[in-house]
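This document starts with two versions of one protein chain, written out as structure tokens and named structure 1 and structure 2.
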Structure 1
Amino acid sequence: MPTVSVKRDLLFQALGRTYTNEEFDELCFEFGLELDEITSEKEIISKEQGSVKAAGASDVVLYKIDVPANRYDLLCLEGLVRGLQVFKERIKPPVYKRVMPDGKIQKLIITEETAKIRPFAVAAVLRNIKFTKDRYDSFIELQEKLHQNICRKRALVAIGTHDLDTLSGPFTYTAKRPSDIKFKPLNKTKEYTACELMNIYKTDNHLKQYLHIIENKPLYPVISDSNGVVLSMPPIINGDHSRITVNTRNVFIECTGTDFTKAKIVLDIIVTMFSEYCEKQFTVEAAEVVFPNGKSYTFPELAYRKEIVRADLINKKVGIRETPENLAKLLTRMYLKSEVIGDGNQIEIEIPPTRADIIHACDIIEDAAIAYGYNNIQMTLPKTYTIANQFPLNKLTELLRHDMAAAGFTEVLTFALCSQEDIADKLGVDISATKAVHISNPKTAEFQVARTTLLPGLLKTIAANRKMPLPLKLFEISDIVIKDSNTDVGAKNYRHLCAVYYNKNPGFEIIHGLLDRIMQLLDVPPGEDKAGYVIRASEGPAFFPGRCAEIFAGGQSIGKLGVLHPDVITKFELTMPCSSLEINIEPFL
């Protein structure tokens, strides 16, 4: 969930009133926001770097507000204020207009070289805008928030904003060999080639996270004006020449990306949020983008879409009984201008370009419910009668674990993921023989594979509890995972029961006795016949030679028991003899 940081006093000034922290928290809750933290720059710096460094920092109160991940229109002070003011019916939602320039329209021409790397671009102009320091900071911050969220860390979309008065169109968006791109980037004093820049930014804490997007491509995207001045090398860095400042009056905005829909949404959000500060409020100057196929489009789209939802559907889905008129009023408060039409049961809703999150009637229904107030909805119980069933495997597990404890064994809960070493080397088995499922991207060796046996987890539990009085008698009933090409995903869980006995003596008879008890519980008699169980001398790398037996029930091998091999004991950092039992309980369902 993105967090937006706004100055409290600025927020209250824009809202036209003040709130206590509790009142504002309450308002957020109602609207679906969360007042996460009340802090100041000073407090933040002092927390992160110590009070000495924080000495000169501002102690203006900051509200950190958590915003739902799909509400891009609430990612800056301007949007938050507009949303809350409309919600409280203090203002009417503004209407955003795309206008044609008095002079020539700004043109961005996309060449076909971009196709393989970053094929889409959109653009617009904010004309005669008036920044202040706070507005300017908010403008930069919004771009950053969009980059981190909908733009997926610039992979899907990257935004460039430029001082139009320093440039001269038409602009060209193309892709060139890195060695052929040379310009002075933001915050640098001289020109570098793209190759040099990629090297420099490897150590840049902010920019290094974006390099992978184009790093290994033969051609890098680049936008330049008619004089060859580089505006930006998306998605990495803008040129210094066209940088915007507090004094910039005309802003050229370009968004490039791999996802056309999202690029259009991002452009719409930026221009709707900041056209508030244009001389002609809420108007955005159009720009023309020519695609490689010669087709030309005008942006921003700023599309208003109409949806019709039946009032009784809203009432039915929420569980309320409001008149269509009231519902239309509720929706209007959510920035969705609505009116009752047709037979009086239909509500026509206008989806503004700021609400890209509304893609289905259910999104509209949710907004009606929010405006109605979730906590005002009458709670009811579904009338349908249902009969509960346990999942048979879990039912058996639940019954067995209680009786395992009654037999004197203590239950443990170990991780399903572990290292290759745990299930292979430490048990004297080759990893290829385990049929284990392998994880491709573990952050540490603790999560290389899914376990194929419960034994390592139990032995590690003993190792972490060596100070406990002996004997240690532990068990676990849980799932292991084995590759299996007969299932749709190519792997299958098996419910295993594992128990260990750890003491000064190996205690094979105790583990063997536990097996007898388990079989008694499962109503399986001892015996060689079809219905019975039997153990037969066997061997296994994890067991001490001559002290291992295979367990058969109903003629089928279900596991092994025995005294662990001293090498296994040592590899799990244990010092005492230990016997163990591990069976698959699924045949007993």
Structure 2
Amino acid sequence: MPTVSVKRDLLFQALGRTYTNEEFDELCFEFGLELDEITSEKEIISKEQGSVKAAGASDVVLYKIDVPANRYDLLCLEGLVRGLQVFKERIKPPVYKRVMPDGKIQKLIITEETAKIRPFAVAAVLRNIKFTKDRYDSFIELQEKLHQNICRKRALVAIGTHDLDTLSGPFTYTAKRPSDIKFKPLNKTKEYTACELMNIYKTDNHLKQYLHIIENKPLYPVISDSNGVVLSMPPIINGDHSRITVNTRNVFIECTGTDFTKAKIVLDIIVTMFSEYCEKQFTVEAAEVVFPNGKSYTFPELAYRKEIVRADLINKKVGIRETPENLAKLLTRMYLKSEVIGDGNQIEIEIPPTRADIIHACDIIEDAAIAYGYNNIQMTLPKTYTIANQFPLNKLTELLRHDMAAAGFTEVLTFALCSQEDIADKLGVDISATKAVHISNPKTAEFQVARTTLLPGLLKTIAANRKMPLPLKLFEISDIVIKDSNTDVGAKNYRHLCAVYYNKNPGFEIIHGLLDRIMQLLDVPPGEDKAGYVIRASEGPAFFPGRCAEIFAGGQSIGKLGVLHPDVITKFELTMPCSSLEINIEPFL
């Protein structure tokens, strides 16, 4: 969940009253938020860098508030205050309007060169806005929060804000070779080419995380005005020429990206949050964007849409009994203007452009539950009931675990993922014969496939504990994964039991005795009939020739036991003989 830091006194001033810390914590809970921490800039720096660095830092009290990840409208002080005021019914939800300019509309022209890099762009103008230091800081902070959240660290969308009075439209969004782009970036004193900037920012703690988005591309995106002045090189840095300040009166906002829908949402959020400070409150000046195919669109959309939800559905899903009128009132408190229509059981909800998180009726029902108060929902016994019971496979696993421990074996838990080498090369098997499920983008060579046998994990555990007193007797009861085209996901889990005995002598008789004990516990007698079990001489690449047996129970093969081949022992960096047993326990359910 994103965390929003706001100055307590500034927040209370905007809310029109003060709260104790406990009262505000309760208010946040009622609204579906969480007051995470009460701190100050000085306290934060002192914790992170020490008291010496904190000297001179501000003592202003900060509230750190956890906000749901999809509530983009609550990522700044303005949206937070507006949401709480509407929730407490102190104000009505404002109506956001897109207006056409008195003169010529600002135009952003997208060229076809951007198609393979960041093909989409949207734009708008905040006209006659009045910043203060706190408002300006909030404006910058909101952009950063959006970049880290919905913009996915600028990979999907990058935001650029510019002082319109320093620029001359129309604007062009194109892509050029890095050597052909040259401008003075933010907070620099001279011009650099794009290549030089990418090298400089490799050591910049803030910007280096975004370089990978375009650094290997043959062309870099760039936005410039009619005079060739560079506004920005998205998603890396804005130009210094058009930087906004506290004194900026007209702000040109452009959002470029690879996701058109998210670019429109980001633009809507920024302009709705800060149009409050425009001379004409909650109005946003339109901008025209011309795409390479010649089609032009006007942004921001600021689209309102309506949904209809039945009151009885809300009551049923939440577990309450409220009248449609009361439910409409609850939803209106959540910034969803609602009214009862039709047969008196239908509620029409108007979804504003700030609530991009409302996608389905369940989102509306969730907001109704929040407004009603989760603590106010009475606990009731469900009309239907089931008798809880342990999953049979897990119950069998638990019973076997205890008896394996009673037999003197120590349980281990190993990773479900392993390397191809572990389940194939080291066991003398070709990887194609293992039916292993491969990870498409493994982060390390140690986690390339899902394990098809528990044996490598146990052998690696022994290798890591070779200094322990002998003998080492280990076991594990866990799932292995095998490809299976007959299942809907293309793979199937099987619960296996694997045990290993490691000592100066192979200890085959100990592993054999363990198998007999397991079968005794499972009430499977020795014998050739269908109810019994038997072991038959077999061969396997992981086992010593003549020292391997296949285990049959109920007429089907369930696993193998035997003395491991010296090559296998050597490949797992072991130095002494080792016997193992591995069976599938699912047939015994």
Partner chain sequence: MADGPVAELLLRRLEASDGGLDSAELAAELGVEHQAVVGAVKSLQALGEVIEAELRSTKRWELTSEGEEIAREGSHEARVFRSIPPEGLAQSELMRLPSGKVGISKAMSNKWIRVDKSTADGPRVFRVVDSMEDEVQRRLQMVQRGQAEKLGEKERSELRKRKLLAEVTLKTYWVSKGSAFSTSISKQETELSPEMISSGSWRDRPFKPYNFLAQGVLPDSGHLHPLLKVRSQFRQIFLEMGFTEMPTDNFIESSFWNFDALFQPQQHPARDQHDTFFLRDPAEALQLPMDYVQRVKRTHSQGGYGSQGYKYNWKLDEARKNLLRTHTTSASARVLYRLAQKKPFTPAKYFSIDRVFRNETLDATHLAEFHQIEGVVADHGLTLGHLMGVLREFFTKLGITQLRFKPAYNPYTEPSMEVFSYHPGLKKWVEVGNSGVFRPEMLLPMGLPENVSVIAWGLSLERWEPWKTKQKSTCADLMVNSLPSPISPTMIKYGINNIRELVGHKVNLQMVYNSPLCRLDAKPRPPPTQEAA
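Take the two forms, superpose them, and find the largest set of C-alpha atoms that agree within 1.5 Å; that set is the rigid core. Predicted, not measured: the structure shown is a model, and the values here were computed from it. By convention here, residues take numbers in order along the sequence of structure 1, the first being 1.
One of the two isolated chains is the form predicted together with its partner chain, namely structure 1.
Annotated hinge between structures 1 and 2: T386, selected from K443, T245, N205, T386 as the site between the two rigid parts.
A rotation of 21 degrees carries the smaller rigid part relative to the larger between structures 1 and 2, according to C-alpha superpositions.
With the core fitted, the CA of I518 sits 3.4 Å away from its counterpart between structures 1 and 2. The two forms line up on their rigid core, and I558 then has its Cα shifted by 6.9 Å between structures 1 and 2.
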